[in-house]
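Okay, here we've got a single chain as structure tokens, the form predicted on its own, with questions on binding and movement later.
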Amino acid sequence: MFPQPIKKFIDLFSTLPSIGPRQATRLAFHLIGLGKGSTAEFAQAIADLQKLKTCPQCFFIHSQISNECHICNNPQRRKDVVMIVEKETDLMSLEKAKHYQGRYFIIGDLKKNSTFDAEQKLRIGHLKNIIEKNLGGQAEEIILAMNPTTYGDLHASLITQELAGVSKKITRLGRGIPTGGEIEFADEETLGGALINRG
């Protein structure tokens, strides 16, 4: 029914978060309607994503000249306080609150079960190695910034077990974020309160 380029576009874009086949179809026809100049601009924007790098310390995506992102590369940030977040958008939301001056560590999307995938296990091991190498084996504080959901609580408990002994204290964000809410969509004031009231 659709020409092959549209079908391929729909197949690819419908796999993205919050976009199903119907939304992908609308997007395809909308882009076509914008004209060739606009579709070329969108194509270039997608191609440019390949130029981004992943920070070897925290796994944040960046475009810095150095290997490390601008947060890990900032000497003003505390190295002995590490906040573990699930995804990049959580990190960005927490940064906007401007209440935190430590480092971050992105563990990756947490599945709705009680296990970590192979990549997440490697990342936890990587964090332990960083703490051993840079902090003499013990951080001052590790903050678990998981979403306040049943699965977030479960994974926070598992991470606490995994990191027992590598930090003087392990805390969670305060419940300024409502149960069932998501960090990515919380406002700066709520996130600031959650940071201050962590425990």
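Since we're looking at a predicted model, the values are computed, not measured. Sequential numbering from 1, following the sequence displayed.
What comes next is about the form predicted in complex with another copy of the chain, which does not appear here.
Peer 1: In the model of the complex, which of 161 to 169, 42 to 50, 127 to 135, 143 to 151 comes within 4.5 Å of another copy of the chain (heavy atoms)?
Peer 2: It is the stretch 42 to 50.
Peer 1: Closest heavy atom of I196 to another copy of the chain in the model of the complex, within 4.5 Å or not?
Peer 2: Outside the cut-off, so no.
Peer 1: Answer for T25 alone: is it within 4.5 Å of another copy of the chain in the model of the complex, judged on heavy atom distances?
Peer 2: Contact with another copy of the chain, yes.
Peer 1: S66 versus another copy of the chain, in the model of the complex: is there a non-hydrogen atom within 4.5 Å?
Peer 2: Result no; S66 lies far from another copy of the chain in the model of the complex.
Peer 1: Would you check, heavy atoms only and a 4.5 Å threshold, whether G35 touches another copy of the chain in the model of the complex?
Peer 2: Contact check for G35: yes, within 4.5 Å of another copy of the chain in the model of the complex.
Peer 1: Heavy atom within 4.5 Å of another copy of the chain in the model of the complex: which residues of 110 to 131 meet that condition, in order?
Peer 2: Heavy-atom contacts within 4.5 Å come from no residue here.
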